[in-house]
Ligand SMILES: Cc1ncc(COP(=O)(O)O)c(C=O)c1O
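Encoded as C-alpha cells, the following chain is the form predicted alone, with no partner shown.
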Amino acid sequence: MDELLKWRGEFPILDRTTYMISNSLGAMPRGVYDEMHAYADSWGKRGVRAWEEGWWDMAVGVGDKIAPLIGAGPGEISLHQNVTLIQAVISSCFDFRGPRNKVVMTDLEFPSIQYFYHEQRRNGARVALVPSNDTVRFDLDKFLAVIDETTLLVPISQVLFRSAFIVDARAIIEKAHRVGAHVILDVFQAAGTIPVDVRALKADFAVGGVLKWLCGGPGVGYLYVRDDLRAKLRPAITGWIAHRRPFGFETGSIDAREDSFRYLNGTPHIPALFACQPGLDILNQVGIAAIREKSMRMTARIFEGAKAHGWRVNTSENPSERAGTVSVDCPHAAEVCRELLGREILVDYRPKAGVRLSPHFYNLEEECDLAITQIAEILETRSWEKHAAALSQA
C-alpha cells in the first residue's frame, strides 16, 4: 500500500485532473484557502497593527519551513519574489570590474538566469557559456576546466530543468573553491523531489522557489547564504528591511543587519508568504526520502512505457542521475501536449525536451500509465489534426 496517497485528499485539483506538472506548478493544497483567509482577516481586522503581529518577520521566519528541505538551519534563509531577482541580489555583492570577473554557466541553465548574467556584461562581467551538445547533460570535465582563477561566480542548477538530470554539484563547488570562485546552486528543480543538503555541499549560495515541487505557489523565492559569508558580503541591491533600525528612518548609508535580513530590501510580499505555508508543512511531514523513493519508481515506469513505444526520452535512464521529471520527445510533441491538456492530463512541452511528465508523491502509479497510453492514442489517431480541421470550419 502506498502510504503517501493519504495526502491526495489535501489537493483538490487531483479529483478532476491527472496532475503531472509539478515541475512547473505544484498542485495547490486545500489549506491555502484558510491561509489566504487568515491574511485577509488579519489585514481587515488588525489593519496596520498586523505588521507588528507577525508580518514583519515572515520574510525570514517562513524560510524556517524551507530550511529542513534543503539542509539549511533556522534563520539561514531569506525570502524574495523570484530566483532571477535573487541572482541580482547576489551579484550585487560582487564587483565585475576587476580581473576576477568571469561567470561560468552551461547553456542548459534556465534561460532567465542566462539572460540576467549576459546583461551583467555592461557592468564588466565576462560570461563563459559552456555548450552542452546534448539534450540531457553537459560534459562535466569540460565545464570544470572553464572554472579558473579569473572566475567570480558559477550559477548552476542541481537539477537541469529540461531533462531533470542531477548535476554533480559537489565536484563543481570543490573546483570553484580551489580557485577562489563562488557557486550559486539553484535547487529549484531539486528541492522537494531529491535529498538536498546545501551545508554538506558547502554551497556559497543556494536559491530556489516554492512554486514547483514544494507546492507553495508563485511569488516566493528563497536564498541561503553560507554562514561565513552572510555578514561579510554587502548587497548593493538593498533597502530599509535590511537596516538594523528600519523604523528609525535614518538618512544616508544603510547600517545593515548581519543575519539573513541583510539580503532583503523593500516591503515583503506578505500574501504569497501566507499562501506557501500549507505546502511546506505537508512536504516536511511527508519527508524527502519517501518522496524520492516513490519518484524513482514512477519515473522508471514512465521511462519504460515511453521506451516500449520507441519514443526518444531526453532524461537519463540511470535513476541516480534522474530527478522527478521524464521528458518524452515523442513525434509531434507540442501537438500531443495540447491534446493531453484538452483531456485534463496536465503536462507541459519544452523545446529540446518534449512532453515533460512530472509525477509527485500525490500521484497514482496508474496515472503514469494513463499519460503514456493517451500519448499513444493521440499519435495513432492524430487527433490534433481533427481538432484543427474542426476549428477551421467553425
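The first residue of the shown sequence is 1; numbering continues from there. The shown structure was predicted, so the numbers you read here are calculated from the model rather than taken from an experiment.
The same protein has a further form, the form predicted in complex with the ligand, not shown here; the description that follows concerns it.
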Task: Partner proximity in the model of the complex: residue 273 to the ligand, non-hydrogen atom cutoff 4.5 Å - done: no
Open item on the list: Since only the chain is shown here, I'm wondering whether residue 189 would be in contact with the ligand in the model of the complex (any heavy atom pair within 4.5 Å).
Closed with: yes
Open item on the list: I'd like to check something about residue 161: if you look in the model of the complex, is any of its heavy atoms closer than or equal to 4.5 Å to a heavy atom of the ligand?
Closed with: yes
Open item on the list: With a cut-off of 4.5 Å between heavy atoms, is residue 240 one of the residues that contacts the ligand in the model of the complex?
Closed with: no
- [ ] From the candidate stretches 137 to 145, 243 to 251, 76 to 84, 124 to 132, select the single one in contact with the ligand in the model of the complex, where contact means a heavy atom within 4.5 Å.
- [x] 76 to 84
Open item on the list: Taking a heavy atom within 4.5 Å as contact, would all three of 110, 157 and 212 count as contacting the ligand in the model of the complex?
Closed with: yes
Open item on the list: Under the 4.5 Å heavy atom criterion, name the residues of 267 to 281 that approach the ligand in the model of the complex, in sequence order.
Closed with: none
